[in-house]
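Coming up is one lone chain in structure tokens, specifically the form predicted alone.
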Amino acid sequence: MAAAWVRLCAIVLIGVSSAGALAKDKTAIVVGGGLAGLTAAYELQSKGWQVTLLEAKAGMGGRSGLATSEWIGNNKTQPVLNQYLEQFKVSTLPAPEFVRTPGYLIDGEYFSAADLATKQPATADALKRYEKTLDDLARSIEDPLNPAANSTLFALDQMNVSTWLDKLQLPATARQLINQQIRTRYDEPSRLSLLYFAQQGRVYRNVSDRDLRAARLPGGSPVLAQAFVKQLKTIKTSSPVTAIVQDKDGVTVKVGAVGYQADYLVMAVPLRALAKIQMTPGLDNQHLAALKGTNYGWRDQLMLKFKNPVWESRARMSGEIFSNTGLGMLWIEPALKGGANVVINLSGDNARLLQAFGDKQMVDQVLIRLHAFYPQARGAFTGYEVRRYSTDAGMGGAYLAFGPGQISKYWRLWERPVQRIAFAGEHTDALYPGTLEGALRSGQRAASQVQDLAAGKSFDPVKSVAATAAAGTAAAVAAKDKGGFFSNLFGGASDKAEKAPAKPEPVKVEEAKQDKPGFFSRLFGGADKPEAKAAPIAKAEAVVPAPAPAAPAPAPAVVAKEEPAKAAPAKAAPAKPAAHKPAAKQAQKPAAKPEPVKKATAKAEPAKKAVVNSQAKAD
């Protein structure tokens, strides 16, 4: 009996030892040192994989912003983010009340939301009418994971947001503020799919601003990036990948003349960067089209540093502020080492027009505008930092912002692995793109998929589904302006209480009257003339790709020949990040294995607004 017991113990010990050896032999390469890539590398390494992370730049953190304070959501809205903050013991501070809702800088005067209701009731009422109409539009999407579920919703993807806003006939000031909100968080309204905008509204529906700005993360998202970096064993910076070769035995990644080999790979770079990498075998036509055709928001971000605040008070001028003239979106915060900072996002077409400007020239123009509102600005100014996402060859833009027709073509395309490659990045998360939460969730999913691939699981290739009938119906529905579903969505007569004045002056006429002509008037969104001339409704696409895979598999494992270790998908519940919030019920789902498209998902309560906190964005 004793001998049998000894033999049994020996067998168990040998089995445990062998499993550990096998885990150590699994190898993976992660390309991209943003938060998505860092998450994937960390999750794989924690499961026993040998991971090499390759980052093209000299530093880590990807598209982390310049803000030295990042307002983040609570566990309900950003569960995965909060999971890692707790795990790495990264401390946060409670958010003060005055940053819980946005403020407005209108013609040089600051207004809180309460001020707006009493001092500019017409503008406040117009903003409420816009929010209600957007909420109605978002409510029409039953399942945010399958937004183009029928021909009526499919038609929304053929329209741009600017066309929809034109139909609301908003007063000029309200339209300017709304345009600025949208371009700051996504892109120019004329370049944004109405279906994507509504889908994001559905995700954040009924999520309060208080939950979105529950705490302050001193140092911003780079602090979280460095917490990941400390956990990883092998990181190689200044290592831009030039080529990737896949075969039946593994993956070879070229960095100049140096080659790295592994069993599997996680690609966690923006689509513009991926397009510059030579892949063998090459991607199929749908993926290649997505690389070139997927729209990204444009942004130039400036941090202006001051010896002391030049505005009214820290309590009134703090948090996220939208301006109708001259300054885009402002983010005002105390500096870590004294003084005060103003982070300004110049976005959309404003950023596109600034491509040719030098950094100093651009900062000077912004200072001129700020000085007009606050005469002490020049004397207190001490320096600046600039980050240009759009002109950076490795980024090619700020964050995913599907244009008209692009959901119909590319929805959830990058959630599926291609042979031995799994994809991560904010652009691969269907619920929270452009946010810290989305980046972290995507890294968890990609790591789980790698493990599943190593375990022998296969993923169905992306399929294109002919939708001639649906497209035809969508075009017919889109053509309707009166009565029924679209009458309600576009602010028609069915909602008399929210209706615009009987004879509203067209937005473009009002804007033209209010704005002084000239380059900088257009540049900083004073007149928003480009918005008035929004492109007409695009024709419905003839082909629509199959809906995204019901449940992206956990990240693939590295070693092809070794026995795969059991995948342990992350259990952190996905939720909309400060920038994008998930529905209340969806926040309870594990991030690593998004649930397949179900009606249950449709019942989840998404966050409150499609427009969310732009500070919680990172990849």
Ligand SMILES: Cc1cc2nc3c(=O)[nH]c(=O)nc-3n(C[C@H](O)[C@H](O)[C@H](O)COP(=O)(O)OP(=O)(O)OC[C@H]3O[C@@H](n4cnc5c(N)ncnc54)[C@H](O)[C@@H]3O)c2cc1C
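Quick note: we count residues from 1 along the sequence shown, nothing fancier. In this text the structure is predicted, and so the values were computed from the model without any measurement.
FYI, the form predicted together with the ligand isn't displayed, but the following is about it.
Chemist: Between 435, 449, 200, 77, only one gets a heavy atom within 4.5 angstroms of the ligand in the model of the complex; which residue is that?
Modeler: Going through each option in turn, the one that passes is 435.
Chemist: By the heavy atom within 4.5 Å rule, which residue out of 270, 144, 189, 417 makes contact with the ligand in the model of the complex?
Modeler: Residue within 4.5 Å of the partner: 270.
Chemist: Among 350-358, 235-243, 159-167, 116-124, which stretch has residues whose heavy atoms lie within 4.5 Å of the ligand in the model of the complex?
Modeler: The contacting stretch here is 235-243.
Chemist: Using a 4.5 Å heavy atom cut-off, are 171, 175 and 404 all in contact with the ligand in the model of the complex?
Modeler: So, no: the whole triplet misses the ligand.
Chemist: Does the 4.5 Å heavy atom contact test between residue 63 and the ligand in the model of the complex come out positive?
Modeler: Close contact exists here: in the model of the complex, residue 63 approaches the ligand to within 4.5 Å, heavy atoms only.
Chemist: Find out whether any non-hydrogen atom of residue 41 is located within 4.5 angstroms of the ligand in the model of the complex, and reply yes or no.
Modeler: Residue 41: no contact with the ligand in the model of the complex.
Chemist: Does residue 51 reach the ligand in the model of the complex if we count a contact as any heavy atom within 4.5 Å?
Modeler: Outside the cut-off, so no.
Chemist: Is residue 366 close to the ligand in the model of the complex, meaning a heavy atom pair under 4.5 Å apart or at it?
Modeler: Flag for residue 366 set to no.
Chemist: For the stretch 367-393, which residues lie within 4.5 Å of the ligand in the model of the complex by non-hydrogen atom distance?
Modeler: Read in sequence order, the lone residue that approaches the ligand (within 4.5 Å, in the model of the complex) is 389.
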